[in-house]
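Next comes just one chain, in structure tokens: the form predicted alone.
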């Protein structure tokens, strides 16, 4: 495992997506629920954020999919609406922006005088950098970006090496077979290198004898592929299987429920579905991050480079581990003693030293 301090972290706030665009790009209404449009252009409107005094800041958001997809794009839309409500800025957004259209969509918003343009997904980064050079007085933000660019393109994300390390650490503390697994996709992508590499690091730090096996699937939304991967880990003796998937996660959760294997969830409904097997469900709430970002813009405290949320930003958490009101992890599985160690060996560790980087070799498929 290699570690190094990443450069260009700026003092502002704004977690994980590798989605690319789909459908036709258009500017939707900035008020109310967005209309899904994949093949037709919708009319363009701009509305004030609320009655009464407004700020002078205008914020535009680009989404690769529908604003009501009940997933990544909706998270971005809802975060924008929260920022609108709490900061009184004027907002607009475009949904279903095709990859081929995103450069022009970004440029159009900049030409219209929007002060902040947010691309909700790492796929916007290269085009943001191009347009950023053309409009030096506009602030560009790439959610789930990786590099950003000075002076006005900021890449923001939840620190994957922090929650990955946490997953590995907790798994290594509860496994009885000393064998744990991870199912995900996009092998070799930097975010996955940091996520799976840190998972291994956290597990090996907590328990040097633990055996870690990573399985990558071709389609993170394929339930059958995910199920097959989880079954292979079960056959190898893994009694904890972590995942980072889209719809495919259901295949992992199903296998874990059927075979008494511990895993994680993404919502309270996962706990209701498999209460004995879900260690926790992880919430990545972009609302507070968008609010924090917009406030920093209003205050003139924004720049380029990279910024990550995590244990080191407790006022605007990158993620939270939730199970019930009294215990952030499943109280039937994760003991108070383990949680006390978790605070000092994981939370406090990253609060003091938040940045890490892992390589493709650290996160390689197979067993280590």
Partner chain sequence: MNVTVLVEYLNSTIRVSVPIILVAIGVCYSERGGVYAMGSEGYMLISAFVSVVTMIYTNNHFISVLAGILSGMLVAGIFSYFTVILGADQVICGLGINFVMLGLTSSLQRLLWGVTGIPRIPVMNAVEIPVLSKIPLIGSMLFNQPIPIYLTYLLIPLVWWIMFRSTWGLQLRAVGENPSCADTLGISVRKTRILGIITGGAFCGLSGAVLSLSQVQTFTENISGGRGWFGLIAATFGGWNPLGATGAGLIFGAAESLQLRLQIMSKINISSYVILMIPYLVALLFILFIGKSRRHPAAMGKFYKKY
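Just so it is clear, the structure is predicted and the values come from calculations on it, not from any experiment. Positions refer to the first chain, counted from 1. The term rigid core refers to the most C-alpha atoms you can superpose between the two forms while keeping them within 1.5 Å.
Just so you know, the form predicted together with its partner chain exists too; it's not on screen, but the next bit is about it.
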**Request:** Although its partner chain is absent from this view, report whether residue 66 comes within 4.5 Å of it in the predicted complex, heavy atoms only.
**Result:** yes
**Prompt:** So in the predicted complex, does residue 151 come within 4.5 Å of its partner chain, heavy atom to heavy atom?
**Reply:** no
**Asked** Any chance residue 187 has a heavy atom within 4.5 Å of its partner chain in the predicted complex?
**Response** yes
**Prompt:** Quick one: is residue 231 in contact with its partner chain in the predicted complex, heavy atoms, 4.5 Å cut-off?
**Reply:** yes
**Fill in**
Assert contact residue (its partner chain, in the predicted complex, non-hydrogen atom within 4.5 Å, options 201, 285, 222, 90) equals 222
**Complete:** in the predicted complex, the residue from 175, 138, 250, 207 with a non-hydrogen atom within 4.5 Å of its partner chain is 250
**Prompt:** Exactly one stretch in 160-168, 268-276, 293-301, 82-90 has heavy atoms within 4.5 Å of its partner chain in the predicted complex; which is it?
**Reply:** 268-276
**Asked** Can you tell me which residues in 201-228 come within 4.5 angstroms of its partner chain in the predicted complex, by heavy atoms?
**Response** 213, 214, 215, 216, 217, 218, 221, 222, 223, 224, 225, 227, 228
**residue 242 C-alpha moves between the shown form and the other one by 2 Å or more, core aligned** = no
**Request:** Could you tell me whether the Cα atom of residue 79 shifts by at least 2 Å between the shown form and the other one after core superposition?
**Result:** yes
